[in-house]
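A single chain, nothing else alongside it, follows as structure tokens in the form predicted alone.
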């Protein structure tokens, strides 16, 4: 499955995978991701939303649109079929205005994940050291606080443990002022799985899982971005 997804992107001469493709790769690697499905029409988006269960999220599915939210390509917390239908139309209108030449596959439909502590796991390739993994607080906090740690791939368990504990925001993961502590060992395992995935998939140039919602009983990646090396 992994080879098929990458080969499809190669044939289409693109390096950016769609969110659905990226999540499928990560799911194949044993990483928990939000169930995300492609809808090619308004009617299909409504049908999938009913199957998944409300509330849902709609996102533009296009390899030509990187920053989906900025372009009006994301609609959150949709609670009815009517809201899903309207969101589909609004997304298509916004994207066609902002990216008239974009190849659009449709929209991705996914369930709204329950809130948790937001963390990020990313990977980029350093010219000298090769693949480097990053861990930190996720969502907008990663841009504001830049509270992150790094390790060179491949990771061992001690690396994953240290990466999580050396960020300044680690107390948030332990439980802060009455909030529940998250399953830190689960986050360690995700880091190790991402490291293994990167080792086995050298075609990947960059990767971002942001946000990952961390809970006391696990974690789930809500959004994913994967960029391939140039062929």
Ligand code: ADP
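Residue numbers count along the first chain shown, from 1. The structure displayed is predicted, hence computed values, not measured ones.
The form predicted in complex with the ligand is left out here; the points below concern that form.
In short, of 43-51, 187-195, 158-166, 59-67 it is 59-67 that has heavy atoms within 4.5 Å of the ligand in the predicted complex.
Contact with the ligand in the predicted complex, defined as a heavy atom within 4.5 Å, is made by all three of 34, 110 and 222. Note on the partner interface in the predicted complex: the residue among 98, 152, 76, 145 having a heavy atom within 4.5 angstroms of the ligand is 76.
Though the partner is left out of this view, residue 24 does not reach within 4.5 Å of the ligand in the predicted complex, counting heavy atoms only. For the stretch 188-224, the set of residues having any non-hydrogen atom within 4.5 angstroms of the ligand in the predicted complex comprises 210, 211, 213, 222, 223, in sequence order.
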